[in-house]
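Before any questions on how it binds or moves, here is one chain, the form predicted on its own, in structure tokens.
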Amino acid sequence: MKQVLIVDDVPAMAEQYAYDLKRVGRYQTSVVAGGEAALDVLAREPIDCVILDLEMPGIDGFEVLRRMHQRGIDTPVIVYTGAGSYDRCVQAVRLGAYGFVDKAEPIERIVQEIENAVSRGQLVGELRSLRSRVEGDQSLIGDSGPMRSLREAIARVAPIPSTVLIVGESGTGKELVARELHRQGPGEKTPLVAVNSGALPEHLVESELFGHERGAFTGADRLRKGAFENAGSGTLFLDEIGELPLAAQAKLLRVLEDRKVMRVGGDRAVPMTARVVAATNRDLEREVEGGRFRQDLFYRLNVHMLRVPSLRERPTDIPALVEHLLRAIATHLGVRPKAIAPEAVALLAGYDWRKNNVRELRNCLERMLIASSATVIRADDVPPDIRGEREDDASDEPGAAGTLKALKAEAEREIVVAALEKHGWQVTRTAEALGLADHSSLLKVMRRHGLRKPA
């Protein structure tokens, strides 16, 4: 049953609306007499639609809309007014209201507006979720053995409501694994709330996770639901769980054991139904040995462990990742997509992505896409450090004419040109014929001699 909140400082009008909406629309209705009370209700209760009066003392309807936007509350709002001011209603729509109606309109039309607003809100949520998956589904691309094993593990664990611990290096895509667990588990009709434990100020960790009551501490001017309550019956993703302070770890353990949340400053436990998925790039067992992470919390989180492979463990996935990421980056930046030469892809596939894995690859591709003026990204567009060039590579330059160094360089050039011509300038086959470690080594030699495939 849909929950509708009526906000009006005229009790008789609000109560009549509540009665009519309940009778005609079969809604569950509630009434508050001002903007402050409305914001409190929206912060703690699942409301499907708000009927909002614009003309109220204190916090009026316009200010309610502004504060909803500031607090990230996206509940659809229909403003109603008896003043007949079209301009003021348009202003409310610009502030985020779905639409407006006159108080004198038939209740049947109001019901239809509510249905439209709720449907639109659901579509916007689904579109946001779909866009997030399309833009962010980078690290799950690939058909290498490690990725197939990861997908199989996700499929096995997703339907089980137990806690999951995702481990892997920075930039491997742990959050994307959590999103896939949520998609295959609770489903996208339920919330997925992601919290970066390492980014929370220490004095606000408990408030962010567990919520707080109004007046619980200085600055707590309203009741606030925490991440556990906001996740509802969906998924709570705790990223960088190894960064959580010990005091918050103890309270998190209690929540996981009791399946209840106590807001800061509260005296009433709220049932917790969300599935908890945690992730870390730290070795938690070593953190436990060092006294920086609670052993009992580690055991509680580590019911099922999923390990996300590093990019170095799945180099065969890099060509597909490169193609996907280039399209996604071009769309994000609003520029024309570009192709990438096989030689450039080969250089990227041969690099040791140890710093930040897929995230590092994405940043590199964005730089290449912007820096290249051609329609095809070439090997020369690959950053020097990825090409394997260093400042001391200057020592490889030919010396003065007639010197041993110059003669060796000229002989090397002739050998390479002959081998390339023999193999039709196919870099990989030529590198194999010359006994080089890989095609990247041959590309480096070709750059040193200024060799390029004839047009």
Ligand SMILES: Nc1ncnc2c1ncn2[C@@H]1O[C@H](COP(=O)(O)OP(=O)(O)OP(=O)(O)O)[C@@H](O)[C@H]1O
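One rule holds for the numbers: they count along the sequence shown, beginning at 1. Source: prediction; values computed, not measured.
Below: the form predicted together with the named molecule, not depicted.
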| field | Exercise: C89 in contact with the named molecule in the predicted bound form, heavy atom 4.5 Å | value | no
| said: Under a 4.5 Å heavy atom criterion, is L325 part of the interface with the named molecule in the predicted bound form? | reply: yes
| message | How about I141 - does it come within 4.5 Å of the named molecule in the predicted bound form, if we only consider non-hydrogen atoms? | response | yes
| field | Partner contact for E169 in the predicted bound form: the named molecule, 4.5 angstroms, heavy atom | value | yes
| Residues K174, R314 and V358 all lining the named molecule in the predicted bound form, heavy atom within 4.5 Å | yes
| query | Looking at 109 to 117, 358 to 366, 180 to 188, 224 to 232, which lies within 4.5 angstroms of the named molecule in the predicted bound form, counting heavy atoms? | reply | 358 to 366
| note | Partner-free chain; cross-checking the named molecule in the predicted bound form, the single residue of M262, L306, A158, L321 with a heavy atom within 4.5 Å is L321
| query | Since exactly one of E240, E343, E206, D381 fits, which has a heavy atom within 4.5 Å of the named molecule in the predicted bound form? | reply | E240
| remark: Contacts from 251 to 285 to the named molecule in the predicted bound form (any heavy atom within 4.5 Å), listed N to C, are N281
